[in-house]
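The data below hold one chain only, encoded as structure tokens and taken in the form predicted on its own.
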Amino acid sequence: MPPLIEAHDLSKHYGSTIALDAVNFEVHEGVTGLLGPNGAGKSTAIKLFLGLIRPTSGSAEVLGKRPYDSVESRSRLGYMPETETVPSNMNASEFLMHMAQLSGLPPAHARTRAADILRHVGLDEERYRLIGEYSTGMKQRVKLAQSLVHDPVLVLLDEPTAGLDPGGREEMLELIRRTAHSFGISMLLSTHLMGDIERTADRVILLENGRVSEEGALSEFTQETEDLLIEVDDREGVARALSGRGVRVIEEPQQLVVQNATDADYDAIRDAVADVGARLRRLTPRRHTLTEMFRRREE
């Protein structure tokens, strides 16, 4: 399959400030994380792909077209901005119907599509409340909903968990994952939070100081270790049983960890869980995180 997005020697300068410096990368189907600290060039890249600004040199292509020269490619994109852009004096149903009609859907189709998307993002029962009365998390869901209402091929998400508490953040990331998998809509998720990428993305592109410093499949950066993660409903009981079998266990808030596990340790875990009568929820090798990868690179 051809890439959805291509950056070819893409540069953008604002006077003497270089936001992007001759970057090259591709975005394919699935969920791609555009990761980098504030000021790395992520928002500039998003604006270029949306056709809102033109590059200083090089090119940005979306679905084979340059979006700053072609309305066709822009019509097949969805966009969830970081800033609060939803109207406070409309309800969510009216707003989504309006956005769907702006995208070319006839009124009857727009009404049905708006209702379906609001149900998908969990706002079905709140669709007739004014958006100004919504919580931050609900407003974020409205922003995601309007980016999906015209059934785009690709959605660009700019800091989609901004302003959310930990629970709301996890709900939003789960919603993004579910949208990509259920609807088959590809996502480019721009964020400075590595955890958001680890929870959602198939691939990652790291921007630093306007340049691509790393890119590839997420699995390349989060390789399995020899440590085992154990999630059970009786952590203390299983930990005691394993210690009695000579297995060194580290207790963490939600799980047990056996470092450098051997085949004998697997047998001991099985027997300990059975003896205690605990329910085994998960047994899996621990993976390196993006944070660990960057820390190793800096050392």
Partner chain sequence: MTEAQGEVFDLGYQHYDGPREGRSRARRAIFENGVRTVLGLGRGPRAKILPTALFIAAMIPALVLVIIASLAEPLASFLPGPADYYQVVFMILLLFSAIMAPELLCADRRDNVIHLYLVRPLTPTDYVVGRYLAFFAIVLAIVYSGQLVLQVGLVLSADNPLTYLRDSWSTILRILAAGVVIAAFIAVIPLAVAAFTTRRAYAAAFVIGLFLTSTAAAAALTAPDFVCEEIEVDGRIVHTECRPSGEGALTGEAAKWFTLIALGEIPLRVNDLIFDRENDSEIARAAADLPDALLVGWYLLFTAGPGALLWWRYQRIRI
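Keep in mind that what you see is a predicted model, and the values were worked out from it rather than measured. Residue numbers count along the first chain shown, from 1.
What follows is about the form predicted together with the partner chain, which we do not show.
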For the chain shown here without its partner, which stretch in 213 to 221, 199 to 207, 90 to 98, 168 to 176 has non-hydrogen atoms within 4.5 angstroms of the partner chain in the predicted complex?
90 to 98
Looking at the partner-bound form in the predicted complex, is residue 76 within 4.5 Å of the partner chain by any heavy atom?
yes
Is there a non-hydrogen atom of residue 190 within 4.5 angstroms of a non-hydrogen atom of the partner chain in the predicted complex?
no
Using a 4.5 Å heavy atom cut-off, state whether residue 146 contacts the partner chain in the predicted complex.
yes
Would you please decide whether residue 157 lies within 4.5 angstroms of the partner chain in the predicted complex, comparing each non-hydrogen atom pair?
no
Listed residue that, although the partner chain is not shown, lies within 4.5 Å of it in the predicted complex (heavy atoms), from 125, 72, 133, 226
72
Heavy atom within 4.5 Å of the partner chain in the predicted complex: which of 138, 121, 194, 185 fits that? Just give me the one.
185
At 4.5 angstroms, heavy atoms only, are 47, 83 and 106 all close to the partner chain in the predicted complex?
yes
Within 111 to 128, which residues come within 4.5 Å of the partner chain in the predicted complex, counting heavy atoms only?
113, 117, 120
